[in-house]
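Given next, in structure tokens, is a single chain: the form predicted alone.
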């Protein structure tokens, strides 16, 4: 990877009184897969819409492929491809016609256009569906066709806004492989997602975004390793007593109360400290109903930094209702 292909400084965007993006700063390196991970309403799509010139910059600065989003929007548009959250395909056009129309729109020469369409249909494995109208395609095929359309002009950056939303697990995993193939061709990928496993499996780096703010950024393993070596989860007859036992142990880094149990981050191997925990609980006559030892996951990372699970029922309502009466 070489230099930075996207730079963002103090980006702020609001809709009336609702703050969607709250002074975020970050960069994306050329050639990487970079992800925004956060719940619906966290500001992910708004940030992408600003970077792709679909929304004006209200405050802050941003460059894409070396061009200012505010001052050179046309140059930015010429350097990017976009796959939106919602399907935007003409239902009565065939796969080839969709790509042909897009190439014509960008005034690609006829021979180059034909060659590129053939390449892309092969890349997304739709060559056998090229003459099928899009209304007859499955959801996964439509997403693959949209990725192909976004790549027609060989963009330096491809923006994917929740690219696998609504797809079944098998189709999602195949979609991940297509995205990796596109990245291997040399295209930088900027991905937004609320799927933990998607960010974990695809990304070179992840920014966790919530309530319009970037909370932390790093590689998946860095974010998980920062929490500790292992996690122990316990459901017992006395949670207060269990917490007291855990808090007295040197290896315990952090304790979190869950709806039905208690979780502890450890600075060492959980299998080695677990017998001591069980013995101490037994001497205090605290019954253990459930015990689990595991490595930290992206779910644990999100809970650690935001204080709640990404799929909490109130996540979308809480994040979409973020308001701020005055600027600091």
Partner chain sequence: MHTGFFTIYRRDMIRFIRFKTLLISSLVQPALWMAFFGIAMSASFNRLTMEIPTLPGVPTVDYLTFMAAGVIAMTTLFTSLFGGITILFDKNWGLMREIFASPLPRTQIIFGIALSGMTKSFIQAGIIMAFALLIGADLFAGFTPAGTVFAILGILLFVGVFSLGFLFLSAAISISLESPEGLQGIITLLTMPIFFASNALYPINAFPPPLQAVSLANPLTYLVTGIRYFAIGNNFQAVGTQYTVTPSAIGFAFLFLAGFTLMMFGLAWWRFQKAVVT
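Everything numeric here is computed off the predicted structure, so don't read it as measured data. Numbering follows the first chain given and starts at 1.
Omitted here: the form predicted together with the partner chain. The next part is about that form.
>> Is it true that 190, 222 and 231, all three, sit within 4.5 Å of the partner chain in the predicted bound form, judged by heavy atoms?
In response: No, none of the three is in contact.
Could you spot which one of 258, 91, 184, 115 gets a heavy atom to within 4.5 Å of the partner chain in the predicted bound form?
Contact residue from the list: 91.
Report task. Note which of 251, 82, 175, 196 lies within 4.5 Å of the partner chain in the predicted bound form, where distance is taken over heavy atoms; exactly one does. Result -> Flagged contact: 82.
| task | Please determine, with the chain shown alone, which of 233 to 241, 208 to 216, 120 to 128, 102 to 110 has non-hydrogen atoms within 4.5 Å of the partner chain in the predicted bound form. | result | Correct option: 102 to 110.
**Message:** Quick check on residue 54: any heavy atom within 4.5 Å of the partner chain in the predicted bound form?
**Reply:** Contact with the partner chain, yes.
message = Check residue 204 for me: does it contact the partner chain in the predicted bound form (non-hydrogen atoms, 4.5 angstroms)?
response = Because no heavy atom of residue 204 falls inside 4.5 Å of the partner chain in the predicted bound form, the answer is no.
With the cut-off set at 4.5 Å between non-hydrogen atoms, does residue 87 touch the partner chain in the predicted bound form?
Output for residue 87 is yes: heavy atoms within 4.5 Å of the partner chain.
Is residue 97 a contact residue for the partner chain in the predicted bound form, using a 4.5 Å heavy atom cut-off? Answer yes; at least one heavy atom of residue 97 falls within 4.5 Å of the partner chain in the predicted bound form.
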